[in-house]
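The form predicted alone is given below as one chain in structure tokens.
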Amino acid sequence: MSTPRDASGRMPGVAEIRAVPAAAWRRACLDAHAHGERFGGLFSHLPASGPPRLRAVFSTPAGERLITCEATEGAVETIVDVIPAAGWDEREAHDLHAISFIGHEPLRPLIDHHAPLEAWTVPTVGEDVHQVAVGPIHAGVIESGHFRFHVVGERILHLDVRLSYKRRGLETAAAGRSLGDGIAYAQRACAACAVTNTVAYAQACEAALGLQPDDHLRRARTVLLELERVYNHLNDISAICAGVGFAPGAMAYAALKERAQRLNERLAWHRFLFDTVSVGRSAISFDRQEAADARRELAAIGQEHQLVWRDLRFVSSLQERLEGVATLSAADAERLGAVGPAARASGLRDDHRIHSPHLSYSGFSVAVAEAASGDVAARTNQRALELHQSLELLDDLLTQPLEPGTVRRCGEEASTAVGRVESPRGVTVCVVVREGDRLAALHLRTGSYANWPVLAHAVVGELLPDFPLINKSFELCYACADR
């Protein structure tokens, strides 16, 4: 098996590092953007000595670029006017390490919860304009999140989102740990994307160590990723049905999600597939009978899904509640950096599975519905489309037993590498900086983190009572922002 490399000869995941002075930060980032490189996150880090350091990830299908600088004067020029997807990243870097982004005005707090209301919300004025506060404590058993709606009557003018009420400092706590131990910190950022986060972390570590997974390891990780996607998509369709009070659909898909998670537990000892991914090896294997039993159960889940889905398509009262609500245009999805099913439901043919040489997605094609209208209906339909695709992938991957996998040396070691994996909510980016066999820095930017500002944009102009439905159509994770 040949070792894939980009045009510069680098291994996939090994980032090209471009260090620039603070004065050249904006120009370097905008040059990368102008050349078609996709923004994948902006991170701040405080080393043991010296000023804070900034890292911005840009990528093409050929490879990763990491633009870095030292914020020697505590300030750099903003990039948010050209790359709006960097908005939350700049606000977070300011709150964590007091880095100012010149031109980002006002630079509102994101995770600084000591700031007064007027500091982190956008002022709205006019006749009958008022605010409605929802959260951070909710009626359901969910994470803490505060939504500050600016409305006239029931029409939403603007939404300010405030998360990070339970920020755990995972990235800081991971620093100094061994590469093997660091995976636990990435895993615990989010239970629903535990496999995605750990595969991204493992891929980054292995690239930094000059290692490449063998075919068995690629297949094992792909199986786990698709099992994770299946139960998440079943859950999300259930949640959307619940969002309009359609109990038959909500309960049917909740039951299917339960079956999928019970299968996870039988195969991998954990409903959320915890501890199934390790750096440099496979932590799981299935014998021929286990693989056959899994295929049989997944086929049964797929058949039940098709029956229920067909019924849902003919329930006019349900479909009329989904169509035309919270439409996200393709142009806005691209401009704001939307990822995952939310982006594809708006017509963007973007799925990182087609650029995953270290996973078993050979021949994979992006699934986008013909009527990618970008509304709640489209986001629901997109999940059903991807659910069918994932079940077909798993049926093919499980035709053989899953054998223990390992890695082989295939390149030079590097200090910094990037793992990028498509989660059920969109691409997740993990940056690993190492010193020997220890983590110097860990950065994690999940699909949910990328899409929270997109959700806030999509609700503008919609009715306040529709927000639970709109929120469920994105179904983003709160804990990802509390890392």
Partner chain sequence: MFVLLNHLQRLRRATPPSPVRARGSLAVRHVDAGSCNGCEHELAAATNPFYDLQQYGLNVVASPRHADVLLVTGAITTRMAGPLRTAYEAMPEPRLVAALGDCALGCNLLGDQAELAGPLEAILPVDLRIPGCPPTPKAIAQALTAALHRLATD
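Positions refer to the first chain, counted from 1. In this text the structure is predicted, and so the values were computed from the model without any measurement.
Form predicted together with the partner chain: not shown, discussed below.
Participant: Which one, 254, 283, 384, 268, lies within 4.5 Å of the partner chain in the predicted complex by heavy atoms?
Facilitator: It is 254.
Participant: Tell me, which of 356, 222, 327, 164 has a heavy atom within 4.5 angstroms of the partner chain in the predicted complex?
Facilitator: Answer to the contact question: 164.
Participant: Can you check whether residue 143 is within 4.5 Å of the partner chain in the predicted complex, heavy atom basis?
Facilitator: Judged by the heavy-atom cut-off of 4.5 Å, residue 143 is in contact with the partner chain in the predicted complex.
Participant: Does the partner chain get within 4.5 angstroms of any non-hydrogen atom of residue 249 in the predicted complex?
Facilitator: Contact check for residue 249: yes, within 4.5 Å of the partner chain in the predicted complex.
Participant: Does residue 86 reach the partner chain in the predicted complex, with heavy atoms at most 4.5 Å apart?
Facilitator: No, no contact at 4.5 Å.
Participant: Is residue 365 part of the interface with the partner chain in the predicted complex - any heavy atom within 4.5 Å?
Facilitator: Flag for residue 365 set to no.
Participant: I need the one stretch from 150 to 158, 167 to 175, 319 to 327, 346 to 354 whose residues put non-hydrogen atoms within 4.5 angstroms of the partner chain in the predicted complex.
Facilitator: Result of the contact check: 167 to 175.
Participant: Would you mind checking 304 to 335 for residues with a heavy atom within 4.5 Å of the partner chain in the predicted complex?
Facilitator: 304, 307, 308, 311, 312, 315, in sequence order.
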